Each structure stands twice: as C-alpha cells, then as structure tokens.
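One chain comes next, on its own, written as structure tokens: the form predicted on its own.
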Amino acid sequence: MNSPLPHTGKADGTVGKALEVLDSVAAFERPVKFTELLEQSTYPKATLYRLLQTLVNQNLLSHDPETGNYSMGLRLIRLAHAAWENASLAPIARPFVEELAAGAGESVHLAQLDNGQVIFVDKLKATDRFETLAQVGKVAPAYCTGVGKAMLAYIAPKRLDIVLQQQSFFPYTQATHRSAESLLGELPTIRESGIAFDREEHEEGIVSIAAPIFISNGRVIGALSVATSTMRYDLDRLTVFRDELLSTADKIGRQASSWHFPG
C-alpha cells in the first residue's frame, strides 16, 4: 500500500520549490525518471526541469544521462552527517539506546518531530527475526507511530494544532487513526500513563511501546520506542519494557539538557 508523500507546506520561493522537488525524488527511494516526477508534480514541465537542473548543478541530485534517472547527490551525505552530529539526539543518545536494545533484545527506535512528520535519527536491531519500516533518516507519520504519538501528547497546544493539520490520516491498517478527533481522544491517556503504543497502526504485525524525551525545561525533544513483532509480543506483554524505557528516556533527556537543539 503506497503512502502519500510528506506534506511540507507552501513552498517558500525558488529555494522552497527546489527542496520540494528534492523531497519528491527522495520519496521514490530509487532512481527516478523525469516523467515520473512530472506525473505527480504541481509545477509545469519547464519549471520542474529547471529546478532539477539547479539541484544537479549543486550536487544535491545526480543525473545519469544514459538512463535519464535522477537520484540523491553525494553532497547530501555530507549535509546529512553534519545534521546527525549537530542537530539530532542520536550522538548523545547512542550509548543509552545501545544499552536498552541489548537489555530488551528487540529493535529500539529514536525519533524527533520534523515538520509534522517523525524522522528516525537512530535505530538498533537486537534481532534479525523481523524488520520494521523505520530506518535512520526515514520519515513516518506522527499520528500512527508510537514515537509520534508520544511526542504529540506533550507539544504545546498551538503547535499541536499546526501539526494535526499536517497529518494525512491515511489508513495504513484497520487500527490507524482516521481523523484528528480520533487521535486527540488518545492523547490524554498517553499523558496519564507516560507511554504510547503503536497497535499495528503503521504496519501490520508490528507493535511498539514508546516514551517521550524531555529536557530540563519540560520541552519534549524526541521519543524512544521498543518495537517488535506480534509473533513475539502482544500489547499487554510490551509493558514489560515500560520501566526501562522510561528510565532510558529520562537519562537521554538529562544528558541532552546541556545541549541546544533546534526548536
């Protein structure tokens, strides 16, 4: 089942338009032809071609003249590495994530909220018996992931209103929230318990338990989850990870409180 492309809001001039095109190429997760991009683009053919050429000239995209394919450029590797080092929780959280994954024996996901989407900044697999869609650098909807809901439950009301408008409420599974009202009904329970669950809402057969990460001023800056297969754990048994998950999230938050992260 194909999911909609992330909603990035109104493009801000030429730079914003170029970044939207870059997002479109990235969303294919493979080399893509001009005709494929044109089919889903809101820009005229000449405008799209010009934006693609600009991205190629800046080494943000690569173009193969033999196949006509566009793919992500090498310059992005350097930019991504710099962002990982300087703007993400990953370097600070890594030792705590490793400890949690080793103890749980399951996959651990570390995520942050970006433009209404969840971006996974780290992942450790403690087993090869199953795989999840979450991969470092990938984005996922906030409304149907454990880490996403854990963060949504604690962001400021005005920001929450904006983020809810950025959700597609695409029905990935029978368990997916299909409206803002449905999601809002769950958030008080998350705040009361301190944890969130993914009840096969994003992927059939994959469940998770997640906790928000706070810095000392009370601002939520990320979330951490233990994800596993329904063949290994049901939702009730997932609570066995609750105490260690909350403790690890607290340790990461304390460590991160002395760092400045983007708002």
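Keep in mind that what you see is a predicted model, and the values were worked out from it rather than measured. Here the rigid core means the biggest group of C-alpha atoms that line up within 1.5 Å when the two forms are laid on top of each other. So that there is no doubt, residue numbering starts at 1 and follows the sequence shown.
Here the subject shifts to the form predicted together with the DNA, a form of this protein not shown in this document.
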is_contact(residue 14, the DNA) in the model of the complex, heavy atom dist at most 4.5 Å: yes
Residue 46 within 4.5 Å of the DNA in the model of the complex, heavy atoms: yes
Partner contact for residue 35 in the model of the complex: the DNA, 4.5 angstroms, heavy atom: yes
Residue contact check: residue 50 to the DNA in the model of the complex, 4.5 Å heavy atom: yes
Option from 198-206, 38-46, 217-225, 234-242 whose residues, in the model of the complex, bring a heavy atom within 4.5 Å of the DNA: 38-46
Large Cα move at residue 60 between this form and the one not shown, threshold 2 Å, rigid core: no
